Every structure is written in C-alpha cells, then in structure tokens.
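In the block that follows, a single chain appears as structure tokens, in the form predicted alone.
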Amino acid sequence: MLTSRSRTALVIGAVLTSLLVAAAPSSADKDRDRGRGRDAKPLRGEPLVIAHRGASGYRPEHTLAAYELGARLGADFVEPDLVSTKDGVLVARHENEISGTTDVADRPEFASRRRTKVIDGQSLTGWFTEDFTLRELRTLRAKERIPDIRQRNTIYNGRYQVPTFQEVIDLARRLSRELDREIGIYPETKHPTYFRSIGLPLEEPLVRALRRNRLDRKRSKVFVQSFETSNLKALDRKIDTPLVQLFGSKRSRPFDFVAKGDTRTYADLATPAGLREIARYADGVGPSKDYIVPRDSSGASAAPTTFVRDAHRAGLVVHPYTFRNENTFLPRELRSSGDPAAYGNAFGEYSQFYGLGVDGVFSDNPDTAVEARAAR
C-alpha cells in the first residue's frame, strides 16, 4: 500500500515528467542537433549474423530457398537487394541486370529485350528488370551467379523464381513462427538515383511495404541500407526504421555525389568527421572488410584500422561485408591451398572481426558465422 509520502512523490514525479516531455525537442530536432546515430546504442549487443542474399554459399542468391536456408542455419536477418519491375513492384535481385542470375538469356521470347544501358555511370549490356512486368519476370528461373566457385550450387539452377519483397517479408514471418525466434529483414535499395530517373523510384514502394507490414518503427527487426546518401536522408524523414550507410571502394563515390558534383569519396566518409556526418541520418555503417582489416599487395591481412572504434564513437553500429568460406575471398594467410573454390580458415577471419568489436557480419555461409560467434 502506498503511503501519503509515496503518493505525493508519484504526483510530483508525474508533473516533472510532463514538464520535461513538453520542453523536450522533437525527434526531428534531436536527429538534427545530436545525430540519429546516438539512438543506435540500443542496437549494440551480440553480433548479428546477416544471411547475405540469403545463404548464397549454398543456394542461388536472392531466392526464397536461399533466405529460408539462411534463417534455418541460424541467421538473425536475411538480406534482399531490391530493384523494380516495369510495373513498379519491388523484387529481390542483386542487380537490375539479370543475365548472370536468371535464365533470361536462354529464353527466345525475351531475346529482343536485350539492351545496353548506362547504370550509375557504367555501360552494361543485358536484360534489365525494369523492362519486364512482374508476370513476365516470374516466368524466369534463378541460377548460380559464380558457378566456377560454387559448382555444387548449380544443381539448383532452374528451380526457383525471382521473389517479390512482400514474399520475403511473408517468409520471414512464417519462419519466425516456426523457429520461435524473430527473423529480421535487411533490404538494400539498389541504384536508387537511376530508378528514380526512369520514373520507378524505390523508396515510395519500400515505405509503403514497411508501413503496410508495420515494419517502419525503430524497434522493428529491420535495417534499410544503401550505397547512396540522399535516399537514406529522405527515408530518415519518413520512417523510424534503422538506416545503414553502405561503403563502396575507397576511391569511388556514392552515385548521388557524382550526380551532384560532390567530389568526396567513400574514404572521406570513413573518417571520424565523415562518420559523425553519417550519424545525423543513419544508425549504422556497412563497410567492406578492408575498411577494418586492409590487405597488402600480396593479399595478406595488414594491421587493423580504427574504423570500428571511430564508428562506435559516432554512435553507429558496424556491419561489414562479405564473409565467405572459399579461399578466393579469404586473406592469403587463411587460405588452405591454391584452389580458389576450396574452403579456407574462415573461422580465423570471423574470430578476428568479432574480436575487433563489429556489431554484425554479412555472410554467404551463416552457419559458419553463427558457429564462430558461439566460440568467442
């Protein structure tokens, strides 16, 4: 039973709380004045395992089979890269040019769709999702992207369709129920400036999908990522979902920087000042592994950088990419042989990065990432 003094204290506390809330700046003011990244601290904890394009070390990438296997192998998140169809539907492909990941080149009915386009300043020839309706795209079947390295995956060629973003969300929810743990989704907007330039912006359907599925909230198990900056800043004003700034090669620039004449590179964004700027609109950063552990001219690991420490000081979580088991993707000292497709000492690489304090890893082999995390 509350005493009179206790009741008085509660009333005073409630009044003070209401005054503080009334005087507090808006969330927009907080993001502007203090930086969105400060809110990322609750996102820190046990390192996350993100199934990169699904369990793409074992199944053709960006298929429901790859996502499901990734979750069943222990991943916390599955990662769909998003591009648009001609009729404005978001689908999961690493690139909008799909000759390397589907059987479109073998389909005579689509031979006339072959085009040469300039995407983010690069000339590409092939077949592009934006030239297909969803119905047409669904007639295609996925295939292994790097068959020389992952020959075993080719046995699954022709079995799986190109999934929609909504199908990935539905799958994650079903698996969450079956596995009795929440499976998150980690979508990436691919070439957002290009898609907006052709009248098929990615952000609006992405926001609609997140809102429709009640995934636009800070505590939703969702991250949204992009190599560009402008669309993340726009998304920051529309959704509370955590946002992640991806980093391309150090000498390259975000394409929206190129379009605006901004001469800064990703290396400039990786400085302490650049990371503090990112923290004003994003919650995390997704660097390639060499931002954290560079490699020398022989392919061996060099001394680690201060990137993780600098990002954490800015209030950003750090989710590097991409961890893979094959020798060709490992530093020289962890390779098992000269065979690029043979497995090397992937556990050694995970151990180093977990030890450096990363907050998550993108992995083609999520079971390896999970086991390495358990052995820390």
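So that there is no doubt, residue numbering starts at 1 and follows the sequence shown. What you are looking at is a predicted structure, and each value in this text was computed from that prediction instead of being measured.
The following text describes the form predicted in complex with SN-glycerol-3-phosphate (G3P), which does not appear among the structures shown.
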{"item": "D283, heavy atom within 4.5 angstroms of SN-glycerol-3-phosphate (G3P) in the predicted complex", "value": "no"}
{"item": "Proximity of D81 to SN-glycerol-3-phosphate (G3P) in the predicted complex, heavy atoms at 4.5 Å", "value": "yes"}
{"item": "Partner contact for L246 in the predicted complex: SN-glycerol-3-phosphate (G3P), 4.5 angstroms, heavy atom", "value": "yes"}
{"item": "4.5 Å heavy atom contact, F353 to SN-glycerol-3-phosphate (G3P) in the predicted complex", "value": "no"}
{"item": "Y343, F329, Y321, Y58 - the one with a heavy atom within 4.5 Å of SN-glycerol-3-phosphate (G3P) in the predicted complex", "value": "Y321"}
{"item": "K117, H94, R196, K86 - the one with a heavy atom within 4.5 Å of SN-glycerol-3-phosphate (G3P) in the predicted complex", "value": "H94"}
{"item": "Option from 234-242, 96-104, 185-193, 266-274 whose residues, in the predicted complex, bring a heavy atom within 4.5 Å of SN-glycerol-3-phosphate (G3P)", "value": "185-193"}
{"item": "Sequence-ordered residues of 45-76 touching SN-glycerol-3-phosphate (G3P) in the predicted complex, heavy atom within 4.5 Å", "value": "H52, R53"}
